[in-house]
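Shown next are two forms of a single protein chain, provided one at a time as structure tokens under the names structure 1 and structure 2.
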Structure 1
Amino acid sequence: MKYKIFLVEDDKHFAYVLQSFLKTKGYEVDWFENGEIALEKYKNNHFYHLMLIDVMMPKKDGITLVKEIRSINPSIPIIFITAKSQNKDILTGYEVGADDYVIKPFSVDILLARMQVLLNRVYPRSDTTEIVAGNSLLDINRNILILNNKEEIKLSPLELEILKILFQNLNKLTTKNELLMHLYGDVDYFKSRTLDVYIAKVRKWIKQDPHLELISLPRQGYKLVSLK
């Protein structure tokens, strides 16, 4: 999914270069020439992930613009890009609610790094949630098992947890107790039997992948092995 950037900059040439660069980096960029137009457009469409705003502009300057945007949306990430490098100006920028203040001339790589840091903070990506084994993939975030790069199987919570542990311990022994403690926090006869039932279910799926096998080691546990 592409991030949408709201760029406000009166220097057409600079804006064009910046816009092109960001597009090559996979961003969608909408450019607005001054604060007045920008505010108008933002009122019509709030759907942006980050704003890059110049300070000195005709019609409506960046500081005023950000004040007004902040009154509508106190949380959207905003970075000032400007030639004004006095401490006083920078502090004003932060005071009106900017997240960062980048001084021209700047390296685009550094602007990019700062944008990425900010975007990652505000829209945290869910931690890696895909485990590959054999010809299959377990997507923990979406609760699905994809067999042979094809068939998607929706998993119930219990199914997912069991597969998660087996996949994480690929080619290693997973004890029954380990599984039960993880699923229930304790161990008893009926829970153990429930697990047996689920193992049977999981085994049916695993069988469909010729590169995977779920081996039972009686009195020890289970081992998901990937075959060549």
Structure 2
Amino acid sequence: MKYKIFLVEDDKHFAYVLQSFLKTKGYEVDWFENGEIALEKYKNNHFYHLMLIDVMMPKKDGITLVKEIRSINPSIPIIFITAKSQNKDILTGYEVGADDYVIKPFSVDILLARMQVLLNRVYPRSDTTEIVAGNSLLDINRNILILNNKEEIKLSPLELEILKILFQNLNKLTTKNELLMHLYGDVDYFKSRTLDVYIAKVRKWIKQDPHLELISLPRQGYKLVSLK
């Protein structure tokens, strides 16, 4: 599969270099120089596999852009590429819906690795396409959780991956560090806080299934339990 990348970056030189590099690696890349243009273009063409978005841009900043894109498509992988490195900036990036946050300057090899992790999650090459737990079904190909055989919830890449791990480990302990390593490839404070936000959201969905319970075990992790 040839992946199509949506790049939003106001630094023309940096955007040109990154776009050219990604093309040498086999990606198709469309570049937009500010958030306002990017949003209009995306509304007219949703067919992208992953987004790389700068935070500090004229006309419409990256945080606002991601909020608006998430209202259109909650599941497309999004990576912030930005020089903003303070704790509150990183946490805000994750909270508005980014799947990863790469701070400039960065190694392009690291960026490629993080892109591939997200792309592999959203477009899996596994034969397993559905996982059942309780009265719920996780449709991996469509990024959808079906609760009680009726309600469909569209999932972001991280939400899908968290649920997939919990469903696969039904009635078994999944440690927090295992989740963090699987989702991000490392363990740190910011990613741990972000995981807490996603777990809270997942727990609300699980509570709607009378045959499932998501248990938090202090200083250990989580266990999705079948109540049947």
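Numbers follow structure 1, counted from its first residue as 1. Nothing here was measured: the structure is a model prediction, and the numbers come from that model. Superpose the two forms; the largest set of C-alphas matching within 1.5 Å is the rigid core.
Practice task
When you get a sec, tell me if the form predicted on its own is 1 or 2.
Solution key: Here the form predicted on its own corresponds to structure 2.
Practice task
Answer yes if the CA of residue 168 moves 2 Å or more between structure 1 and structure 2 after aligning the rigid core, and no otherwise.
Solution key: Yes; residue 168 is a residue whose C-alpha shifts (by 2 Å or more) between structure 1 and structure 2 when the cores are overlaid.
Practice task
Align on the rigid core first; then say whether the Cα of residue 92 has moved by at least 2 Å between structure 1 and structure 2.
Solution key: False for residue 92: its C-alpha shift is below 2 Å.
Exercise for the section: Please check if residue 214 moves between structure 1 and structure 2, taking a CA shift of 2 Å or more relative to the superposed core as movement. Expected result: The answer is yes; the displacement is at least 2 Å.
Practice task
Superpose the two forms on the rigid core, then give the C-alpha shift of residue 188 between structure 1 and structure 2 in Å.
Solution key: Here the C-alpha difference is 58.5 Å.
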